[in-house]
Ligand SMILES: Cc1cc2nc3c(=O)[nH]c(=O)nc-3n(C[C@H](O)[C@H](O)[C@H](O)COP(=O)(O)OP(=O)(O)OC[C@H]3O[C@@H](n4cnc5c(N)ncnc54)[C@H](O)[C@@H]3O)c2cc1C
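To begin, one chain is listed below as structure tokens, in the form predicted alone.
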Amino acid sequence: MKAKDFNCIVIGSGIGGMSVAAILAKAGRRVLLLEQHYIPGGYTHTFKRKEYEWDVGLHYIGQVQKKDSFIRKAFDYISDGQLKWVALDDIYDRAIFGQEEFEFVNGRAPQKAQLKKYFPEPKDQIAIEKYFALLDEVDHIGSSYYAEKVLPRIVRKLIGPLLQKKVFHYSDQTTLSVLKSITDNPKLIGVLTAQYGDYGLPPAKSSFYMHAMVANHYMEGAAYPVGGAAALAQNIISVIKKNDGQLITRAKVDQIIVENNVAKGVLLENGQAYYADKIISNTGIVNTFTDLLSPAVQHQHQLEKKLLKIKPAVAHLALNIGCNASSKSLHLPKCNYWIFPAEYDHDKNQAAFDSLDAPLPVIFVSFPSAKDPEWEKRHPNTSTVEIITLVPYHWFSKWEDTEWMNRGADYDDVKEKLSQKLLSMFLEVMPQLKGKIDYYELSTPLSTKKFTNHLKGEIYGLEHSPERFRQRFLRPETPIRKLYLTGQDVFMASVTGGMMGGILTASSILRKNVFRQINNSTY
């Protein structure tokens, strides 16, 4: 491959990078996609141990069951309609607080009716109506906020505040403050925010806009890719290659080459340089501005001052479990579980989780083998479970300078202790798995840091607090000409948020409304 061969270089093959690469390739741009890992896909990739396989970040996607939804059309567009989806159970999430269970069911009306069964008091019924009215309002105000991110600088100075005003009304408020304005029932608030792990911040710290976007995203149910999470990378990358794009793995970028404030290319760790007219980073804004740009460029644009205004999202633990029996024989569901202590105050639970010995504030449980209809073909008579919880990164910082898979006996002891805590909480809900667990392995924030380059092992990029949505520099264009950002940092957390970030960046580069183009497409 020669320098002249490429119009665009994309750094990082997570969903944001793959999405923008596919759109640009289909628009006739020669694209080079670079990935530091030996497996492409970022948080959509899968990994294997023995005969077992787990996904690392894609557990369910909303709004893809209906072919006319924009999210489904977007996935169809970047995969040329090759991605197939299978719906989860009609009850897609179950929230368990101690001995009480609450079901999240498909559909706005059924979900509202279900909540009213759980909370029959008249004042709670009124609060539920108000809550759904708020979700409806948020569902219709986001387009202008994101349109502002791709407008020319002069235009956005004139009308930007007007376009963002409606979103700021909700994004400036915390989830807890909004819910307290409609109800004083802590149990109802706890249930309504049971999915807070999908964006990583408890109610008193998270932006209500982020909460409402997640709640709306899953309101009509959820689905899982046929063939597992790895099907995303397989199908999207095939589109990139079909349109003359290229992918190189094990290609860690050392620096973005900038001359006279124009991004010209990238320099790999192995000394290889590639050049293109546009450089797009899917490595996150912090990594891009601090690791990939020279100190002189950072200082020129005072990038370090901008980064002081944002915080990394929370880190996490992931316990990956393999069982020597099929999902059917173990009666594993296609839904997810959110399991909490017998306490509905999520902020209180998180605050109490101040040491390894403290009770876990929440665990999220996913059953990939039960969700994927092709699992039995690939891994007969086996099943897998994933258990995730949120943890502070600093608990593991003492082992930062050790090697992956060889961090020492004290680290292994901590991992085993945490594994047993996760298993204990999980097996209380799924006792049929006792004696069926053949293998388990715990991933800590240090593993996330190694494979994603996120400095604090963060799972969602940036913290989705009210302050985050006020940062106008979180957009595709950067102060360096022809250098662009993409992925969830320019949109919001989640696999879908990363894909939408890719569409936003493609719109900025192509100077056209790619959202409209996708919405008018058919597959």
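One rule holds for the numbers: they count along the sequence shown, beginning at 1. Computed from a predicted structure; not experimentally measured.
Note that the form predicted in complex with this ligand isn't included here; everything after this is about it.
When contacts are defined as a non-hydrogen atom within 4.5 Å, all of 218, 251 and 292 contact this ligand in the predicted bound form. Distance criterion of 4.5 Å from any heavy atom to this ligand in the predicted bound form singles out 287 from the list 287, 174, 164, 444. With the partner removed from view, the residue among 454, 475, 29, 468 that has a non-hydrogen atom within 4.5 Å of this ligand in the predicted bound form turns out to be 454. Heavy atoms within 4.5 Å of this ligand in the predicted bound form are found in exactly one of 457-465, 46-54, 64-72, 476-484, that being 457-465. Residue contact with this ligand in the predicted bound form: residue 15 places a heavy atom within 4.5 Å of it. Not displayed here, this ligand is approached by residue 316 to within 4.5 Å at the level of heavy atoms in the predicted bound form. The closest non-hydrogen atom of residue 283 lies within 4.5 Å of this ligand in the predicted bound form. Although the partner is absent from this view, residue 509 stays clear of this ligand in the predicted bound form, with no non-hydrogen atom inside 4.5 angstroms.
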